[in-house]
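Okay, so here's just one chain, in structure tokens, the form predicted alone.
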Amino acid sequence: MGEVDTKGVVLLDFWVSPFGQRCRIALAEKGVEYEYREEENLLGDKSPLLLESNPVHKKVPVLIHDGKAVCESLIIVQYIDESWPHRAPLLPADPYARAHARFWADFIDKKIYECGTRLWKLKGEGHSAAKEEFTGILKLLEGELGDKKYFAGDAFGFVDVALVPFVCWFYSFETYAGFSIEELAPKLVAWGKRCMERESVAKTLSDPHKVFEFVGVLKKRFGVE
């Protein structure tokens, strides 16, 4: 890919990206060594390698494996699971269980970040609607989790990887929404704490207060008072 050496495994990412953190967690679970390349100016001019590797969406994360680029976080996590299948399987072997996991990962992908963004971006009726919707999302996820250790049962898996990076965004969501996620979804918060006991998660997730500061940067960039 151009003159840049991208042999082996390279991850193009941005420190606070929950989508990139999914990939970092999956790589850590699999014990895959890789080169991390921070897209330092993601809100400005993006690197030539990122634009070349992901010309359609022009965003992180991108996994480059032996010079071939894989884009979109859930697709990357599945690629990692399939490319290094002999350690810490993330998707179950049973076809129905795999489909079930993909359904909930897709639900998380379409709902959490978009609705959470509206919590800090909107005011008035829009904010109230986002707050109500986010509460419903949490309730649905808590219902799916139930009393299980992880979403798939006793094994940390695909849905956990999809959702856990947003745990460090909970503080920001709570602050701007004016509610307590622990009061709304105590089992979900307890699950997040269990996940944080895993080295792959603890070493990857950002400090919630650093995330809050980053949201402040986004608010200024979008002219949100």
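Don't overthink the numbering: it's just position in the shown sequence, from 1. Computed from a predicted structure; not experimentally measured.
One more form of this protein exists, namely the form predicted together with another copy of the chain; it is left out here, but the text below deals with it.
If you check another copy of the chain in the predicted complex, you find no heavy atom from any of Lys139, Phe179 and Ile181 within 4.5 Å. A heavy atom within 4.5 Å of another copy of the chain in the predicted complex is found for one listed residue only; from Ala69, Val32, Leu49, Leu188, this is Ala69. Site annotation in the predicted complex: the residue of Arg98, Arg87, Lys148, Lys123 reaching within 4.5 Å of another copy of the chain with a heavy atom is Arg98.
Contact check for Arg102: a heavy atom falls within 4.5 Å of another copy of the chain in the predicted complex.
Among residues of the shown chain, Glu114 is not one whose heavy atoms approach another copy of the chain to within 4.5 Å in the predicted complex.
Under a 4.5 angstroms non-hydrogen atom cutoff, another copy of the chain in the predicted complex lacks Glu132 among its neighbouring residues. In the predicted complex, another copy of the chain sits beyond 4.5 Å of every heavy atom of Arg194. The stretch in contact with another copy of the chain in the predicted complex, judged by heavy atoms within 4.5 Å, is 61-69, chosen from 194-202, 24-32, 61-69, 165-173. Taking another copy of the chain as it sits in the predicted complex, the stretch 203-220 never comes within 4.5 angstroms of it through any non-hydrogen atom.
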